[in-house]
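The chain below stands alone, shown as structure tokens; this is the form predicted alone.
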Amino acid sequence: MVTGIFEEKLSKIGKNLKSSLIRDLLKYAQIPGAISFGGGAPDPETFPSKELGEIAKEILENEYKFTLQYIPTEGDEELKEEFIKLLDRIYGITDVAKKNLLMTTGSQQALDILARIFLDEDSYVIVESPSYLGALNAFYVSFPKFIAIPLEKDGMDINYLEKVLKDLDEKGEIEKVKFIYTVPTFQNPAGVTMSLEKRKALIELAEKYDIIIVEDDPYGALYFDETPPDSLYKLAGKERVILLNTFSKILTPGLRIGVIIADENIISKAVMAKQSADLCSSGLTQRLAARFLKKYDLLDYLKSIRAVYKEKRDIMIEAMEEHLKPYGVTWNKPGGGLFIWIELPEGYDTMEMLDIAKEKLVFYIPGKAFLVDVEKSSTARLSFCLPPKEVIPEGIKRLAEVIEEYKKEKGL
């Protein structure tokens, strides 16, 4: 906590900064014997460490003049070339040129950049409810007004959204809506996927009211059962959609590589914002990713990753059926991604329950963290990606013990 003269000198933004609950809980996950369903950290056993190590040695020894030097803010040209090919292979997106790409230091920087160039105190930003905590934190710094749209089993409640936009239009405030932020595929935290019908309806509304859509898609390639619907970007193009992507979930988060795909005019402004933040992202990690994409077939590599996460999802759901269902807990079954959203019966407060969870050495993220202006919630996000599959059942059993103890304390 900042005190004394330092508190007095803080800017309005400095005073408004919030700590990430997910980051804060990671320290508890390091306790020996702890089982964490908290963060969305990928399973390190899926990382191609040997292959990346061999490439790293080669590019450090032979290309040090690039890999150890400052590089252009826009990013490594070689990585851009490979990423354009990847967009075609994974998403069927074919209309992207290098001028439409900005490589960022992870997707979190991409979100921060969008907040810088679009949002201010007079802005409205439309988000899903629940919505990705990292995005909420990035946007929150700019003091916008949040409008939360409920999620249904097949994505954002489009009828609710339409009513909100109509109301804002009638009030003469529709121009203050800077963008609609959505994670339409294997949504974080809820795990749901927006249907093709809703994607088309969302685009129609955005076009009707002339609003930008920010499509965040870290998980689209991590499908288990069937390929997801076409991306919003593919359906509407760069004239309407800004697409965010990342290598964190499909390769390794340690590379810290995110991507903004957008109209060149937006990219130009985003480049200026990035220059004031960090000048450029790492040339070493970008060239490392580029060479990996050239040397190996990422789509083949992703098959093994999907298999790992699908097995973990199934193990978690089986354990939940045994240990959580008797307490009236309900959940979704995601078709991909890394998360399961659970809901406890009325009267439970998952934030308050954390005190018991810490004693039991099991961790999750309370639903309140993903909700705008909510005092308490009976929901929570469980991540099945990081814990070894062998400990997932024990973690769910501990979570049931947490629920049981809380139930007795509150007389539920």
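Bear in mind the structure is a predicted one, so any value in this text is a computation, not a measurement. Residues carry their position along the shown sequence, with the first being 1.
This protein has a second form, the form predicted in complex with a small molecule, left out of what is shown; the following refers to that one.
A.B. asks: Among 200-208, 102-110, 153-161, 297-305, which stretch has residues whose heavy atoms lie within 4.5 Å of the small molecule in the model of the complex?
C.D. replies: Contact criterion met by 102-110 only.
A.B. asks: Between G75, P228, P334, P218, only one gets a heavy atom within 4.5 angstroms of the small molecule in the model of the complex; which residue is that?
C.D. replies: By the 4.5 Å heavy-atom cutoff, the listed residue in contact is P218.
A.B. asks: Let me know the one among F179, Y132, Y91, F292 whose heavy atoms come within 4.5 Å of the small molecule in the model of the complex, would you?
C.D. replies: After the contact test, the surviving option is Y132.
A.B. asks: Among K18, S123 and N137, does every residue place a heavy atom within 4.5 Å of the small molecule in the model of the complex?
C.D. replies: The answer is no: none of the three residues contacts the partner (heavy atom, 4.5 Å cut-off).
A.B. asks: Against the small molecule in the model of the complex, would Q286 count as a contact residue? Criterion: heavy atoms within 4.5 Å.
C.D. replies: Flag for Q286 set to no.
A.B. asks: Using the partner position in the model of the complex, report whether T246 sits within 4.5 Å of the small molecule, counting heavy atoms only.
C.D. replies: Residue-level check for T246: yes, a contact with the small molecule.
A.B. asks: Determine whether any heavy atom of L79 comes within 4.5 Å of a heavy atom of the small molecule in the model of the complex, and answer yes or no.
C.D. replies: No, L79 is distant from the partner.
A.B. asks: Given that the small molecule is not shown alongside this chain, does V183 nevertheless sit within 4.5 Å of it in the model of the complex, heavy atom to heavy atom?
C.D. replies: Judged by the heavy-atom cut-off of 4.5 Å, V183 is in contact with the small molecule in the model of the complex.
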